[in-house]
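The chain below stands alone and is given in structure tokens; this is the form predicted alone.
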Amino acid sequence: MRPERVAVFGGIYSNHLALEAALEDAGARGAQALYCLGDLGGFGPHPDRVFPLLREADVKVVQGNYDHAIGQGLADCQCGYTDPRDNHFARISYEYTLRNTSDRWRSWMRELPPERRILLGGKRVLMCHGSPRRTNEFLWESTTSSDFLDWLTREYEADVILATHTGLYWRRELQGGRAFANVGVLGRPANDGRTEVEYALLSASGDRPGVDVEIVSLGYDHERLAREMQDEDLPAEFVETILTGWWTTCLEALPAKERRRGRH
């Protein structure tokens, strides 16, 4: 039987506490299937705590750039940053995650697929990490045109495309009942001064063909996560983001409009 309600999580970034809370919340909201769009490690502490939670809950996972890089033991995260400061913090995050991810889970990540497709509410749903054409492509709300998203859905034969990678949730209705949504991430807040994180809940639209996409805001024990990050000697800038809801890193990748929404 095809599910009529599914939960879709973006980057987890080793935030096992937010993942635990999301699994419980999605179950309480009636999700019949669970998906994750990749980037399981990075930023947070204890990456190996994430994988058992995903496996036990039967979460279907897409391979993100982080998962590919860790699985292959590459030199960096393949995040797509160009700014030296962004790359400085990305390197710290990646090297910590690589050291603390066991061979068992590296092997598992190597086998993850780059996309997943399901049929929901009579619509073809395509799940990817950055975009269907490139794992680390940044699709920002302010700089991504509807014409491009219309083309993307046609080119990749999808009615709904779900992505993550940027760390900021947004959605847009397109022509012909199609849609695009960035489902946000569980790993850190969305640079809006709140400590909550986000995921997406998709539901078949009753008797008519279509999909409803709801962005769910989720609280979790962020203060405990901050303590764990401090205990692991992760950068104080990372800890500040978890405690305040404001980004202190990855800022140079943001387009002007998205950056103006933040504190820094």
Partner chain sequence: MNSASSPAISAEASRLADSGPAIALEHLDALWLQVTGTVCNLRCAHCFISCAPDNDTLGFLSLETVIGWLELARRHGVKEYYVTGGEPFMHSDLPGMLEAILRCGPVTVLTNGTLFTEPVLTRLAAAEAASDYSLELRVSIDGPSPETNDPIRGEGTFERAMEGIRKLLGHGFLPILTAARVWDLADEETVREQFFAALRDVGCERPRLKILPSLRIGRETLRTGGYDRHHLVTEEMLDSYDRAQLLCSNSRIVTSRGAHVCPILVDHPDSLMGPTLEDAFRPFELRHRACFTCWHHGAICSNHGDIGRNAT
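Positions refer to the first chain, counted from 1. This is a predicted model, so every value here is computed, not measured.
This next part talks about the form predicted together with the partner chain, which is not shown.
- Taking the partner from elsewhere, every residue among D76, P84 and R263 has a non-hydrogen atom within 4.5 angstroms of the partner chain in the predicted bound form.
- Interface residue remark: E4 is not counted as part of the site for the partner chain in the predicted bound form, having no heavy atom within 4.5 Å.
- In the predicted bound form, the partner chain lies farther than 4.5 Å from every heavy atom of W105.
- F138 belongs to the set of residues with a heavy atom inside 4.5 Å of the partner chain in the predicted bound form.
- Proximity of P132 to the partner chain in the predicted bound form falls outside the 4.5 Å heavy atom cutoff.
- The stretch from 116-124, 93-101, 144-152, 176-184 that comes within 4.5 Å of the partner chain in the predicted bound form, counting heavy atoms only, is 144-152.
- Looking at 230-262, the residues that come within 4.5 Å of the partner chain in the predicted bound form, counting any heavy atom, are E252, A253, L254, P255, A256, K257, E258, R259, R260, G262.
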